[in-house]
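Next up: just one chain, as structure tokens, the form predicted alone.
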């Protein structure tokens, strides 16, 4: 009898949705998880894209809904079709899933608030127990007096009893909705909680629908003992064009919308391949827009000169891409770092070289070359040999030197000395393979090393290091090597 009643309700529900296709189990491969998955025919998509429709709702309110739900009209139209008219029974449970920041909570809560439908929005993150979930649900639907009727440690049966008791005094004139965000956390609660919520409409004998929002698919939810299958609705990721449309709505009033749209286009060109999270992209857009507008404020460029604006923002976007999702610093601290970089003009001049991506061992070869160029050869034993024996202080004190080696400039050194220092400073055993020698040639090609005095093929080649102290300090930091400890001028 119960199964027959459910089938009759399902037929009545489908009759309200003449344009919505319900895929059967045979089409599981095309639709994803099992159950009743809502899909669209071609005519339906065009119809829903043309606008939202809800019985008894004025056109002005629907127009406001379309403005608040950009690029989600299809999903909003599907939800409105599922909800039906307010006084009609809705489908008992709906499972909405999709990746993070795809508009699931925003769409359903905006529809419920704008259409003034009775609902309870509960975050499962805040509800560490089923009792808190029951309390917040009753509080939002019926008020504080109903929540006070629950015992101290309520079970699902207590919640159903109190709900039926209050519902008898306040019968539903229209569908009540219970929205559970981060519903995947329900799996960690009582075993009977999820199956009970899926058929809550039947248990309380009321016009109520439970909407579950999750980032994982329904197959990860389904209990081994079986349960009532909810209606499944998927929210796909935003496309690049949709992200451009949504983010462009946050335009700065001080500049034209066209400028902000071009800035968002540049931002997506850098970050779209690694990040499609709308919230993270919105945060990055707000964080870097002031840097994008710097040439405009200084009068160095006009709004139409996007090439110059791109050259100014490019290094900052690349730096921000290294900390996507991490939020290692706050927005205020990030802005302060940008201000500090303005003052550090010397380091800014080296930014082009500092961002040269060198292989791991090439960095140590460059460090060894710098040490060989600016340290006297007689000091190598002192710096790089553990048991170097006793050395007289007078022979090593810098006061006997007339001039700093950094003021005299780099001095040439032979290849064997370079390799000896390299094997001493590198933090692992490296065999003298052809790869090491080819990396030395690459450093010469990049003009980081200069080859000198190699006219005779019988002579050992000699080199000089062609980088500055600031540059080698930046390279040393990337491999966690304190080069200052090994420089003769700084002891």
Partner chain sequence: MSKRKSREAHLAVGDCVAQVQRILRERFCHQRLPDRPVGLESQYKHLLELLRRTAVHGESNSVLIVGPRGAGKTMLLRCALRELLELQEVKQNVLQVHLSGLLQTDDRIALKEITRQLHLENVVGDKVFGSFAENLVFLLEALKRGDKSSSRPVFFILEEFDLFAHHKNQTLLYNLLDVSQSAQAPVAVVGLTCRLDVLELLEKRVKSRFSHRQIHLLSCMSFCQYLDAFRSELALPDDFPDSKFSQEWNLNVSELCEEKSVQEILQKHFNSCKDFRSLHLLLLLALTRVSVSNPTLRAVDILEASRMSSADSKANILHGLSVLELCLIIAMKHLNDIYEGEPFNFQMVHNEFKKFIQRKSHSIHNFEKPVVIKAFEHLLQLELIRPVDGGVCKVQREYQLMRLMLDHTQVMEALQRYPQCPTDVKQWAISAFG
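Source: prediction; values computed, not measured. Note that the rigid core is defined as the largest set of C-alphas that superpose within 1.5 Å between two forms. Positions refer to the first chain, counted from 1.
There is also a form predicted in complex with its partner chain; it is not shown, and the following applies to it.
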Handout entry: Sole residue of 306, 265, 192, 256 within 4.5 Å of its partner chain in the model of the complex, by heavy atom
Key = 192
Completion exercise
Among 116, 205, 250, 145, just one has a heavy atom within 4.5 Å of its partner chain in the model of the complex, namely 205
Handout entry: Segment that reaches its partner chain in the model of the complex - one of 256 to 264, 105 to 113, 297 to 305, 197 to 205, heavy atoms within 4.5 Å
Key = 197 to 205
Handout entry: Contact test in the model of the complex: residue 220 vs its partner chain, heavy atoms, 4.5 Å
Key = yes
Handout entry: its partner chain contact in the model of the complex: residue 91, any heavy atom under 4.5 Å
Key = yes
Problem - Touches its partner chain in the model of the complex: residue 450 (any heavy atom, 4.5 Å) - result: yes
Exercise for the section: Please run the contact check for residue 417 against its partner chain in the model of the complex: heavy atoms, 4.5 angstroms, yes or no? Expected result: no
Completion exercise
Taking its partner chain in the model of the complex and a 4.5 Å non-hydrogen atom cutoff, the residues of 227 to 265 making contact are 227, 228, 230, 231, 233, 234, 237
Exercise for the section: Kindly check if the Cα atom of residue 412 is displaced 2 angstroms or more between this form and the one not shown relative to the superposed rigid core. Expected result: yes
Handout entry: Core-superposed comparison between this form and the one not shown, residue 466 Cα displacement 2 Å or beyond
Key = yes
Exercise for the section: Note yes or no: does the Cα of residue 64 move by 2 Å or more between this form and the one not shown after the core is superposed? Expected result: no
